[in-house]
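As structure tokens, one chain now follows by itself in the form predicted on its own.
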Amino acid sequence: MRTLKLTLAYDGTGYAGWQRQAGAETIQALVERALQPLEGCAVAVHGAGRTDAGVHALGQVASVRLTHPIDTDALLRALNANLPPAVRVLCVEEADDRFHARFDARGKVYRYRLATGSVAHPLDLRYAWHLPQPVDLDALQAAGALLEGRHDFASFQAAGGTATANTVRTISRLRIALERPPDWRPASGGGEIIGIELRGDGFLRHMVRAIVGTLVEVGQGRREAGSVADALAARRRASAGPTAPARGLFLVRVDYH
């Protein structure tokens, strides 16, 4: 038996997220089905994180244990031949037998993209949250700085369902900056692309999207930057802003050191 580390990218549009679930197509289920003919039996694939429905990945990591001796290059080709074009295995590596993609992860980097402008460009809509109103970048950055460090993020977890008992997390970096506009955007009048990148030791369900929704309220003048600190202290979901749409969120990478 060998342990393998898979690095994947996927367009989450139309999928019900990473985690396998009955009656819905998920990334985990697709990868497991792609491996089954090779291994000759059901295979369990463990992801580093459970991206939600509609969320994309540039560097999701998964681990799997196989008995088949196929080499890593051949396995990469076989997997991509059996996966839909929206899901690609970028790299297959031999790993230590004790490696587990989820339990060994030390941090994750997420990026959220905002697209401003009076007109929503059709090529932005799949991978960004369109905001027709202007956004104050300085206000976004001031509010974002209040979220860096170790805090209780109970106000920024998914509403309803089973709440996570330990809601303390560390955001070691929260960077908000203009991105280079894609080539399809007009040179003038097309608005801006704002990237919000967060690195942390772990994230609660919907945490990044709740943070983004709150920051957007600040950037549009609907709440003061300092209210972000008040939302943290309140430890109530209602104290923070709305949950941003899934389509603007990307899992950029998973850190293991």
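One-based numbering along the sequence shown. Predicted model, so just to flag it, every value in this text is computed and none were measured.
Not pictured, yet referred to below: the form predicted in complex with another copy of the chain.
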Checklist outcome for this item: Answer key: of Asp138, Asp97, Asp183, Asp71, within 4.5 Å of another copy of the chain in the predicted complex (heavy atoms) is Asp183
Checklist entry - Which listed residue (Ala159, Ala120, Ala105, Ala145) meets the criterion of a heavy atom within 4.5 Å of another copy of the chain in the predicted complex? => result Ala120
Checklist entry - Just one of 148 to 156, 97 to 105, 120 to 128, 165 to 173 has heavy atoms within 4.5 Å of another copy of the chain in the predicted complex; which? => result 120 to 128
Checklist entry - Applying a 4.5 Å heavy atom distance criterion, does Ala53 contact another copy of the chain in the predicted complex? => result no
Checklist entry - Is the gap between Leu76 and another copy of the chain in the predicted complex 4.5 Å or less for some heavy atom pair? => result yes
Item to check | Glu179, heavy atom within 4.5 angstroms of another copy of the chain in the predicted complex | outcome: yes
Checklist entry - Would Val92 count as a contact of another copy of the chain in the predicted complex, using a 4.5 angstroms cut-off between non-hydrogen atoms? => result no
Checklist entry - Who in 210 to 229 is close to another copy of the chain in the predicted complex, meaning a heavy atom within 4.5 Å? => result none
